[in-house]
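Presented below, as structure tokens, is a lone chain in the form predicted on its own.
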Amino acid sequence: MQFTKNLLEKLPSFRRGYVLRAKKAVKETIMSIFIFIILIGIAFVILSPLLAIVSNSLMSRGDIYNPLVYLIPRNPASVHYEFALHYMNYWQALRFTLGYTFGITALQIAVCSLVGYGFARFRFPGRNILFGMVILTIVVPTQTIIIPLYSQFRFFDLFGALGLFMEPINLLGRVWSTVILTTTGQGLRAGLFIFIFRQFFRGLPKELEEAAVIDGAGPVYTYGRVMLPNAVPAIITVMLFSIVWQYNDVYFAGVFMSGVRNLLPVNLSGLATAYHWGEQEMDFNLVNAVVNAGVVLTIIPIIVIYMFLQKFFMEGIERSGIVG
């Protein structure tokens, strides 16, 4: 090290600069190669299960039992996708699932943005306690309260008001249970969405509201016409999160909407049984290939949605204060 330093001191200034730039370029190249190798390894770990699913869904019977075939099928077959389309009732279930998902997402954005705006801009007694309870809904697992929720919708009585006139209503097996949870701010990941909107509205300048008040606008008008249009990044973030989680939800759908047979995740969970009994297929490997084909068909729509919203999603993450 000392020899190199002495050598550089003896060289002319322009040569020393050239050597230093060359050393810096070599270091940056080595670091870039190292980072590239690390990223390739991480990407392989993350994508290898998905590649295995896609590969298995395209393998014919001969490829499945050929020990020389790995990942790339020799005779790709689309028959597994045909079975998956049929037994999942794919196109009808896809239309219903997308309609249900986007409807719940729109309702969740409206409710959570309003609650988040209230926590961010209004001061009232017990605000911190209520917001702490919202954070608690993020921390506490849903499984701990699922039995009370199940009983509530199995014997829905609207706090005893319906019992005066009629028997309690059974809302299980319908979408109304999820609609009621979302409307009351208790839907899937609603606590996180309220937190995102609160953080975003706190970052907006108060001058916007002051200017609206000077013009005679009330709180509702200010929220709907001034603050909400400026919250597009947060809306895009919540919309993408909600779409993904509502689309992939099996737990809530299995508990509250077990009678709804047109939800793709529910149909996917029963695909193996439906194909097994429908085709009298006893080969586990072929059943698994059909299930993998169903998985690929299920994730394609959500990947397409994410590709269109990725830019807005990253902007919303940065401006909403989400880290980690």
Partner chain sequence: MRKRGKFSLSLRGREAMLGYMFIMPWLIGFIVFFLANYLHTLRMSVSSVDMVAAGGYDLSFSGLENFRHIFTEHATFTRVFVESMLGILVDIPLIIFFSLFIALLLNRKFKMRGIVRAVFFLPVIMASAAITNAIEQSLLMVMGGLTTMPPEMQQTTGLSVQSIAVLLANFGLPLQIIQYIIGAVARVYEIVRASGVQILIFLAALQSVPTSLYEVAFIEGSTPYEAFWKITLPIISPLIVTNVVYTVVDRYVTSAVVDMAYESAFLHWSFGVSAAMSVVSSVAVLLLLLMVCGFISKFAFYHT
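Residue numbers count along the first chain shown, from 1. Please read these numbers as outputs of a predicted model, since none were measured by experiment.
Not on display, but discussed next: the form predicted in complex with the partner chain.
In the model of the complex, no heavy atom of Trp277 sits within 4.5 Å of the partner chain. Contact check for Val139: a heavy atom falls within 4.5 Å of the partner chain in the model of the complex. Under a 4.5 angstroms non-hydrogen atom cutoff, the partner chain in the model of the complex lacks Tyr87 among its neighbouring residues. Heavy atoms of Pro205 never reach within 4.5 Å of the partner chain in the model of the complex, leaving it off the interface. Per the 4.5 Å heavy atom criterion, the partner chain in the model of the complex is contacted by stretch 149 to 157, the sole one of 72 to 80, 228 to 236, 92 to 100, 149 to 157. The putative spot formed by Leu50, Leu114 and Leu192 is fully lined by the partner chain in the model of the complex; each residue has a non-hydrogen atom within 4.5 angstroms of it.
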